[in-house]
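Take a look at this one chain, the form predicted on its own, written out in structure tokens.
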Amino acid sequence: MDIVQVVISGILLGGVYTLFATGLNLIFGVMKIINLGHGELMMLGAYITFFLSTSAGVNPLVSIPVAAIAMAVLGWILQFALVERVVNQPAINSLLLTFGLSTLMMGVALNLWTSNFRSVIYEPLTGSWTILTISFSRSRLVAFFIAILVTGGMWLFLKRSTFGKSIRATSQHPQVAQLCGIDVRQVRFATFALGSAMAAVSGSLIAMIFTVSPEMGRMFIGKGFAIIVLGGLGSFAGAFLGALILGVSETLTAFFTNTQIAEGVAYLILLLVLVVRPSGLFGKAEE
């Protein structure tokens, strides 16, 4: 029964990982940019939830849309001022730029809030619910359903809405999309804003499960890359399955060994997938 409990805990955690990785995947799919600052956008979202809940007494769940809007605006500004300049440039340019943004945001956060670990305590989400002798962490269960709801909503938006189809068209063939009358530049702006908002929501959810610190983004960006590589670039189903595999792998490793070793599981998965199946579970191999 202990193993079942651990696996369920990993699945619930994997749902939040799905949301974070999907935002990262979305930005890469449209602009072919690996956003190394995605983790810091998540970190800022987590801090918005922390400060709103502790300083203003705002329900952490209510703070989620606030964090999403704030990071969407910041993402749009970053895209307009900086990221747009490296689109269609050599990959090293975008890597250096987003790494610089990541370091800058983390440095500012360290100076403002120090490296102390902080936590969000919301009484209704403490403890667990027991169903058929299996305990479900309240915070993880609520975070899982919110993450799946947001991720599923984004999938429907991309599949059904006119602008979502414009994003998909830009991702597949930007030149053809532009010839069809799609404002590709505006699509890129919106995509980076949406990806940033998804990072913020995942950060708010993470704040209700783990502690918050300025350096948390660097840890989660590695998890995001492992999920994307495992699931396959551009695949929502792959991101979901990859996130669940990572979440369960981490909790099982922590159960049998310790949390320090569990933090390295993402990088082990990343290496194994790159060696065995570089295209991932649902990705297509390049010919």
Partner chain sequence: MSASKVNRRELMRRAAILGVSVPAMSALLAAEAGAQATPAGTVAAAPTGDPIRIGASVSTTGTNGRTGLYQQEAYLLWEAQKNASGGLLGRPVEMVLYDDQSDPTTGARLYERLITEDQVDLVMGPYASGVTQAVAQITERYGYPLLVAGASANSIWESGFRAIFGVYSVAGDYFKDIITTIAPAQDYKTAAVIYEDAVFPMSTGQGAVTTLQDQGIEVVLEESYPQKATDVSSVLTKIRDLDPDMLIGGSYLPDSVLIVRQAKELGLNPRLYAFSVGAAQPDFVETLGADANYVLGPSMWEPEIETEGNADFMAAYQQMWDRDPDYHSATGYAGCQILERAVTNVGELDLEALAEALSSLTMNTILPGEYRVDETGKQIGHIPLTVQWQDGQKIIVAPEDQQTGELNLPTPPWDERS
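Numbering follows the first chain given and starts at 1. Each form is matched to the other, and the largest set of C-alpha atoms that superpose within 1.5 Å is called the rigid core. These numbers were taken from a predicted model, which means no experiment stands behind them.
The form predicted together with the partner chain is left out here; the points below concern that form.
- Exactly one listed residue, out of Ile69, Val58, Met219, Ala237, brings a non-hydrogen atom to within 4.5 Å of the partner chain in the model of the complex: Met219.
- Only one of Ala177, Leu158, Ile146, Ile209 comes within 4.5 Å of the partner chain in the model of the complex through a heavy atom, and that residue is Ile209.
- Put simply, Gly127 is close to the partner chain in the model of the complex: some heavy atom of it is within 4.5 Å.
- Not displayed here, the partner chain is approached by Tyr17 to within 4.5 Å at the level of heavy atoms in the model of the complex.
- Not displayed here, the partner chain is approached by Ser139 to within 4.5 Å at the level of heavy atoms in the model of the complex.
- Among residues of the shown chain, Ser119 is one whose heavy atoms approach the partner chain to within 4.5 Å in the model of the complex.
- Residues placing heavy atoms within 4.5 Å of the partner chain in the model of the complex fall in a single listed stretch, namely 209 to 217, out of 209 to 217, 196 to 204, 158 to 166, 178 to 186.
- Residues of 2 to 17 placing a heavy atom within 4.5 Å of the partner chain in the model of the complex, in sequence order: Asp2, Gln5, Val6, Ser9, Leu13, Tyr17.
- Here Ala262 counts as shifted, since its C-alpha moves by at least 2 Å between this form and the one not shown after the core is aligned.
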